[in-house]
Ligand SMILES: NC(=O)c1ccc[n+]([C@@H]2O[C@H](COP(=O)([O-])OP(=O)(O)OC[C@H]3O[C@@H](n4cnc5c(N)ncnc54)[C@H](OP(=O)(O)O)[C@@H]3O)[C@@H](O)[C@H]2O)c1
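So this first bit is one chain, no partners, the form predicted alone, shown in structure tokens.
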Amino acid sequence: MKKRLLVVGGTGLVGASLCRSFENAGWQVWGTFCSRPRPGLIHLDLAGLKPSLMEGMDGAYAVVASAITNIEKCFLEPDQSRRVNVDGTIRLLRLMKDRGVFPVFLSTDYVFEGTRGNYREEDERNPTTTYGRQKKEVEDFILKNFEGFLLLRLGKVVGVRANDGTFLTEWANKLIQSKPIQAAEDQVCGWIALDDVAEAIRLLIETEKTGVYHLTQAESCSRWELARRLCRHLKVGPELAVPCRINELGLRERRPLNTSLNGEKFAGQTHCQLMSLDRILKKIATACGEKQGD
């Protein structure tokens, strides 16, 4: 019998990558969609969850990759975002527990206050954003109610393919056209390639790991430093990376300044080397440069 996986949020960047990775590895995979129908996917709206979703899923794994992740939207529409990010997600997790489904919950570095960075799995969580508080509430539910689970906090996810919809490839396209980009010099993050997210999750599941893990490559840096390094890989002038301060951009909710994660636990237990930041930037420069030349 094939190993089985449900991907809640199968049309998102991470969810779609998970579906491909596990299918290629021989798993039986179901994916869900909310507002963007795709052939073969199951409709699921976390704000109006139906118990029938879990029928026949006994003993399967389920990755919860669906959420309202826009920080401003969560702040400006707290009730609506809570219905999805907290209430609907917890209802889904209750169904998983009733059916004996193993939950894999994708959380965020924003559960941390962001005053020092290099956060480890066991460090105190004190989120300062609405989105971070919503994710922490679900984390607390999992930690209290499940014995077997994976709770994965991700660094900032970046793609390495041209026009993949991630901010770093959009930056690359602008820089190639000599268009300046604004990047915060005071917000430091950890980073992880989209493809690495799927492979890391599959590795954790297939080696039967449980608990809390941080998924991020080893190096953290500010968004502005990231932009300058991308300029070097693209061989464009570094002056195109224009520094700014994150909380002077007119955002309605203040952002934490250093939520970088420590990924030593994952690296030590799996011996998996995630793509380095320079390799990520090199792949983006190559992909976007080739696309520009078509």
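The numbering used is simple: start at 1 and walk along the sequence shown. Only a predicted model underlies this, so the values are computations on that prediction, with no experimental measurement involved.
A second form of this protein, the form predicted together with this ligand, is not displayed here; the remarks below concern that form.
Enquirer: This ligand in the predicted complex: within 4.5 Å of a heavy atom of each of T169, C221 and C244?
Expert: Per the other structure, none of T169, C221 and C244 touch this ligand.
Enquirer: With this ligand left out here, work out from 229-237, 33-41, 250-258, 54-62 which stretch has heavy atoms within 4.5 Å of it in the predicted complex.
Expert: Every other range fails; the passing one is 33-41.
Enquirer: Do L13 and this ligand come within 4.5 Å of each other in the predicted complex, heavy atoms counted?
Expert: Looking in the predicted complex, residue contacts with this ligand include L13, since a heavy atom lies within 4.5 Å.
Enquirer: Using 4.5 Å between non-hydrogen atoms, is K136 touching this ligand in the predicted complex?
Expert: Because no heavy atom of K136 falls inside 4.5 Å of this ligand in the predicted complex, the answer is no.
Enquirer: Is L154 a contact residue for this ligand in the predicted complex, using a 4.5 Å heavy atom cut-off?
Expert: Answer yes; at least one heavy atom of L154 falls within 4.5 Å of this ligand in the predicted complex.
Enquirer: Is there a heavy atom of E264 no more than 4.5 Å from a heavy atom of this ligand in the predicted complex?
Expert: No, E264 is distant from the partner.
Enquirer: Looking at V84, L150, I142, A198, which has any heavy atom no more than 4.5 Å from this ligand in the predicted complex?
Expert: Among V84, L150, I142, A198, a heavy atom within 4.5 Å of this ligand in the predicted complex occurs only for V84.
Enquirer: By the heavy atom within 4.5 Å rule, which residue out of F102, Y131, Y213, Y119 makes contact with this ligand in the predicted complex?
Expert: The option sitting close enough to the partner is Y131.
Enquirer: From first to last in sequence, which residues of 89-113 have any non-hydrogen atom within 4.5 angstroms of this ligand in the predicted complex?
Expert: In sequence order, L106, S107, T108 come within 4.5 Å of the partner.
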